[in-house]
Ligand code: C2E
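What follows is a single chain, given as structure tokens, in the form predicted on its own.
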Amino acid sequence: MRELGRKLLAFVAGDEAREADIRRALVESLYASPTSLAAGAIAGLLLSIAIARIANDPLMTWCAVVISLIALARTISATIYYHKLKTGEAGTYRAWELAYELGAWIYAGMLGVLALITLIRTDDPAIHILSVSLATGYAAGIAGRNAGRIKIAVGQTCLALLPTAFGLWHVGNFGYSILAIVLLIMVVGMAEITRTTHRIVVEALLGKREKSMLATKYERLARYDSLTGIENRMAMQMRLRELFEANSKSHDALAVLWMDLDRFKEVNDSLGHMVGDALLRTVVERLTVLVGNIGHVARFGGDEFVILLPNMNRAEVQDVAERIVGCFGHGVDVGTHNLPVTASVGLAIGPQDGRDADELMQHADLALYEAKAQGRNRAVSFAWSMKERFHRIHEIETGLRRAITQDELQLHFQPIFEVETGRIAICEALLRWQHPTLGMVMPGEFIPIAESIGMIEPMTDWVIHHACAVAAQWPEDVRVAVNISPASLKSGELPRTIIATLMATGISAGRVELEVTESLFLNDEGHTHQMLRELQQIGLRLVLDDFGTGYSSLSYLRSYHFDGIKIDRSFINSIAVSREDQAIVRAVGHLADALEMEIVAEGIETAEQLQYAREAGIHNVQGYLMSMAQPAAIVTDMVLRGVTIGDAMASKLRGEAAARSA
């Protein structure tokens, strides 16, 4: 009920405001043309003086003087108010409306009185014509000119014509009597004309006001965020350019803080968009209070906000950014929910960090990206090294799209030796990219970028095809291992690609190992499990890579029937001196035997590490001690020659000795 009453009061208040605006416009229309008012005043002044001079009557002379004074006063007041309207200094319109109303009525009344006096006090037809013409002409003119205020226009018509009609009737002449009747009819007609004109004017004013309100509404929609009420992206960019230009001329600092909520998507996905919207409104309230009148807050889109801080140095800006991060450090209460969201902030300060507004925004965005990369919930200031990394990433992204077609990708293979026999049992295919300008780019740098831009699937297809083509030259007992990115499983095309490759190259499925990491299972909703089952049904071997570094390695071994596991190099690095690492490697060796899985120790770089791996029951070893990754031709030669662990170690020692002597 209270809400209904509030809405009713708002509606009534809005209606009253609309009526007041229209009335003001109608009053202003009375003064809109001081020239026409002056013309009417001059006509009345001249005719009244002419009548007084011809009649030579003191009373008519007195009327002429009064009419002249009123005409002069009205012309002056209209001119003053007109100029005040132009300069916006008109003040209250009601006083000017009352002044116009009194002046108009007195002036019209004096014209009517003058006509009445001339008709009663003289028999001169010339004077009668002048006075009646003056009264009727004025009445006809004001019916349209003063239609903005019906009361004034009708009042003037009556005051000018009724005394004139009475005077005509009083003369008693047949023609004059008919003219008196015509003037009475004219009063009614002029009143109707006034009402019609008034209605048209009001409708026009209403239409103009509605268009103005609609334009204001659309302008607000264009400049302000409908959810939070603060400025949106467009308004913020306009304000930034204005501030940047103003500050660059005075060399004052202008800071851009780009803030992003951490884990906002999780809130939307788990609690719904209504809670997410309420969270955004709460965030705006906090930011508005925190920034106060020292800057401007805008919603850039989604859960991103931009804060503009003019006239502040880097230390002050950093302090504001840290306070923003701290403001969300303990979560945000929204209704009954305490949402564990934090904030990441990237900041850039012009003109040091950007030559124009667009560059300043871009650099603040780069700083925000760096804050996210460092672990979120922090504020990071832009550094020009970020720009260099950005250009490198951009160049890598651009180059990846042509790398396959331009034949820039290469496959190297690192042999994996069987400990018991010493022979090469597996060769792991490792992707290399020879960029035309950047040189050799390693997988650790370009693979994450390929995943982010959707290039990992065609690259995986390329690797599988070329790896199998090379492996087709090896003996049947030597396998090839290929690393599989989680992103390459999303489309579900991998099994078909592998089948087509096996048919094209002629190698058996059992000779292909797919190495996957535990990250593959983090967001598994059944799709990954089904995909791995399909790959195993084809006959491929599955190997769990980087074993021991994730969160649930043992549960994965229970859930998936892996053919092998690879112990992460972090456990091998210190195995010669760390009892803990020795115990872990031995335990993994026993676990693999119990589960009937092969085990590979990667990162073997010393003879001591190799010996500990052998004693721990490790089946296969891989590392620089035996061989680093080599081009396909060299590895194929090693496989065909039957190179063993001892041969590989001896060859590596000879190569190192030759390098030292050179």
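Please read all numbers here as calculations on a predicted model, not as lab measurements. In this text, residue numbers run from 1 along the sequence as written.
Here the subject shifts to the form predicted in complex with the ligand, a form of this protein not shown in this document.
Run the contact test on 136, 177 and 189 with a 4.5 Å heavy atom cut-off to the ligand in the predicted complex and return yes or no.
Per the other structure, none of 136, 177 and 189 touch the ligand.
(request) Please name which of the stretches 315-323, 345-353, 480-488, 369-377 has residues with heavy atoms lying within 4.5 Å of the ligand in the predicted complex. (result) Going by heavy atoms within 4.5 Å, the stretch is 480-488.
query = the ligand isn't shown here, but in the predicted complex which of 340, 475, 443, 302 has a heavy atom within 4.5 Å of it?
reply = It is 443.
Review point. In the predicted complex, which of the listed residues (51, 600, 604, 635) lies with a heavy atom within 4.5 Å of the ligand?
Key: Selected residue: 604.
Within 4.5 Å, heavy atoms only: does residue 624 come near the ligand in the predicted complex?
Residue 624 belongs to the contact set for the ligand.
Exercise. Closest heavy atom of residue 432 to the ligand in the predicted complex, within 4.5 Å or not?
Worked result: Looking in the predicted complex, residue contacts with the ligand include residue 432, since a heavy atom lies within 4.5 Å.
Is it the case that residue 414, even though its partner is missing from this view, gets within 4.5 Å of the ligand in the predicted complex, heavy atoms only?
Yes, contact at 4.5 Å.
Touches the ligand in the predicted complex: residue 308 (any heavy atom, 4.5 Å)
Outside the cut-off, so no.
**Asked** Even though the chain is shown alone, can you say which residues of 506-521 have a heavy atom within 4.5 Å of the ligand in the predicted complex?
**Response** Sequence-ordered list has one entry, 515.
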